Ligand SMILES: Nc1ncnc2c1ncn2[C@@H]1O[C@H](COP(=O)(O)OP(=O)(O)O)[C@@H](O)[C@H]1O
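Encoded as structure tokens, the following chain is the form predicted alone, with no partner shown.
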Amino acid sequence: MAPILTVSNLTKRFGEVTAVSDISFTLAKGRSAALLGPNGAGKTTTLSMLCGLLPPTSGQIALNREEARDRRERIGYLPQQPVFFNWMTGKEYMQFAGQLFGLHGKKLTERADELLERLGLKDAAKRRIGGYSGGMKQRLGIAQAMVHRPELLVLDEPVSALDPVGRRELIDLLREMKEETNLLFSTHVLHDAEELCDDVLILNRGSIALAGALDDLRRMHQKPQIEITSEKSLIDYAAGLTRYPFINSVKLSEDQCSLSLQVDNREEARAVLLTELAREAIPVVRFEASYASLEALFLEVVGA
């Protein structure tokens, strides 16, 4: 599949500080990618360079294999903390954003109205932005980023400031946006990345620590695990689990009522442990056999 975005040996230094160090990756057409990493990993710096807002110290960026052409006109961007002209109405702001991309007249009006309705802002189109809620402003930010039908939509922490309801609404909207453009977003909310993305890039200290298709990474790095929660302390029970060769690690929660076990053979572990728990009459309220999540992989990669 042809790449929509190709990044080669990208580096950014601020004086003696290297924020991004020699990173390379591609994003294929028709796929979405999540840029993950702890605070200070270089996510925002990377996105700013991709969008043409920050010049790289070295390296190349090509959109649709075109390195020389100004890519800013073909990218939609929503920063982590978007700033609006609060005295404008939502529709005025959309028309302003469209004019910056060379849209005018009936074509601009129709596109602005289409996006405001699509993102649930039709009834607020003539209200001043200063009276918008945080979720409404976030949706307006996505609308302005989409006004010129970009080839790539870049979002920096799009859900970080939203409440659970607003986060769910925005995730649903982004899932729709994936149908008409390529999506690259940074996030701290790993569950959102799992819901939306096809590919994952994990940054740590300015370098790519792990990258690839989400499904491939799961297959390569998934580790079987068992979670046990009881009505009483499991500290004595946990102490005896080291005798089983199929258990690699035992982690006891702070309240001592939950166990997280990394195992070699999930089926064997489940059968043995369920039998043992029943025999010892331990009041189990939760027993779950699964595989390590993206969050567990993330924590392992960044050394948290």
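Note that residue numbering begins at 1 and tracks the sequence as displayed. Because the structure is predicted, anything quoted here is derived from the model rather than measured.
Not pictured, yet referred to below: the form predicted in complex with the ligand.
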Practice task
Indicate whether Ala34 is a 4.5 Å heavy atom neighbour of the ligand in the model of the complex.
Solution key: no
Exercise for the section: Answer yes if any heavy atom of Val285 is within 4.5 Å of a heavy atom of the ligand in the model of the complex; otherwise answer no. Expected result: no
Exercise for the section: May I ask you to state whether Gly59 is within 4.5 Å of the ligand in the model of the complex, using heavy atom distances? Expected result: no
Exercise for the section: Answer yes if any heavy atom of Ala281 is within 4.5 Å of a heavy atom of the ligand in the model of the complex; otherwise answer no. Expected result: no
Practice task
May I ask whether Leu252, Ser260 and Tyr291 each come within 4.5 Å of the ligand in the model of the complex, counting any non-hydrogen atom?
Solution key: no
Fill in the blank from the handout: Counting only non-hydrogen atoms, the one stretch of 22 to 30, 242 to 250, 36 to 44, 264 to 272 within 4.5 angstroms of the ligand in the model of the complex is 36 to 44
Problem - Contacts with the ligand in the model of the complex, stretch 6 to 26 (heavy atom within 4.5 Å) - result: Phe14, Val17, Ala19
